[in-house]
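One chain comes next, on its own, written out as C-alpha cells in the form predicted alone.
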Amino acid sequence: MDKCGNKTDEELVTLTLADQDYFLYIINRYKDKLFRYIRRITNVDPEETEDILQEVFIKAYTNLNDFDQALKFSSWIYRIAHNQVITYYRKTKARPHGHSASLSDEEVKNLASDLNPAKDVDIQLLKSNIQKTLGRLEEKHREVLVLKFIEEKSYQEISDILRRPMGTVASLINRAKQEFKKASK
C-alpha cells in the first residue's frame, strides 16, 4: 500500500472499493486542498471547516460506489464539498459573507494576472486587497473565482462541480471578474 502516491484518483477509488483502508490515501490527497477551498468560499472558523471537511469525506466514502468514472474524481469530491457547504449554511441559517483563508503569493499572482492590477503593487498589499475584495462578492461570484484562479479548475471541472453548463460557467466567471473589479475600487 505504500506505492499509492503514484496511483491515479480513479485507481485509488477502485482499490478503496475492494479495501476500505485505501480511502486514507484519498483523504491525505484531498484534505488540505478541500480545507482551503471550504475556507475560501465561507467565513467559518477552522474548527467548523474541519467539521464540514469530515462530512465531505463521510459522504464521499459512503457514495463511492456511485462515483461516475466519466467525471474527474477531483470534480466529484469538490462537488460534494460544495454541497456540504450549502448544507452547513442551511443548518445554521447563515450565508457566507466573506472568506478568511489566506492566499499564497502564487495564488494571488494567478488571480491577479487575469484581472490586470498594476504590476508594481506590493504583493502583500495585493494579497490583502484580493482577500477583502473576494469577501465582498456574492457567494456565486466568489466561488467561481476561487475555483478558476485559485483552485485552477478548468471550465469543464467547474461545470461538473457546480452542475451548470459550461457556457453558464463562462458567463458567471466573466460577471464575477467584472464584479471583482468593481468591488476592488
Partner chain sequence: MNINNGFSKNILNIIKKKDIKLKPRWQFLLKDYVIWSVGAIALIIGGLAFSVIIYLLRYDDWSVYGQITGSIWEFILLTLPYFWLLILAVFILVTYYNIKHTKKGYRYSLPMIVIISIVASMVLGVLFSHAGIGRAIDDVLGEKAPLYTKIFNRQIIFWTQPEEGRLVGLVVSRVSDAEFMLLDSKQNEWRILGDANLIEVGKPVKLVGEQSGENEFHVEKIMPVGPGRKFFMRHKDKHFPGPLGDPKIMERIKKYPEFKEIFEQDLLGHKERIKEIMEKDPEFIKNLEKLNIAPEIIEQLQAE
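Just so it is clear, the structure is predicted and the values come from calculations on it, not from any experiment. Positions refer to the first chain, counted from 1.
One more form of this protein, predicted in complex with the partner chain, exists but is not displayed; see below.
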**Study point:** Residue contact check: Leu53 to the partner chain in the predicted complex, 4.5 Å heavy atom
**Key:** yes
| task | Indicate whether Ile86 is a 4.5 Å heavy atom neighbour of the partner chain in the predicted complex. | result | no
Worksheet item: Can you check whether Asp160 is within 4.5 Å of the partner chain in the predicted complex, heavy atom basis?
Response: yes
Answer with yes or no whether Lys153 is in contact with the partner chain in the predicted complex, where contact means some heavy atom within 4.5 Å. no
In the predicted complex, does each of Phe23, Leu64 and Leu71 have a heavy atom within 4.5 Å of the partner chain?
yes
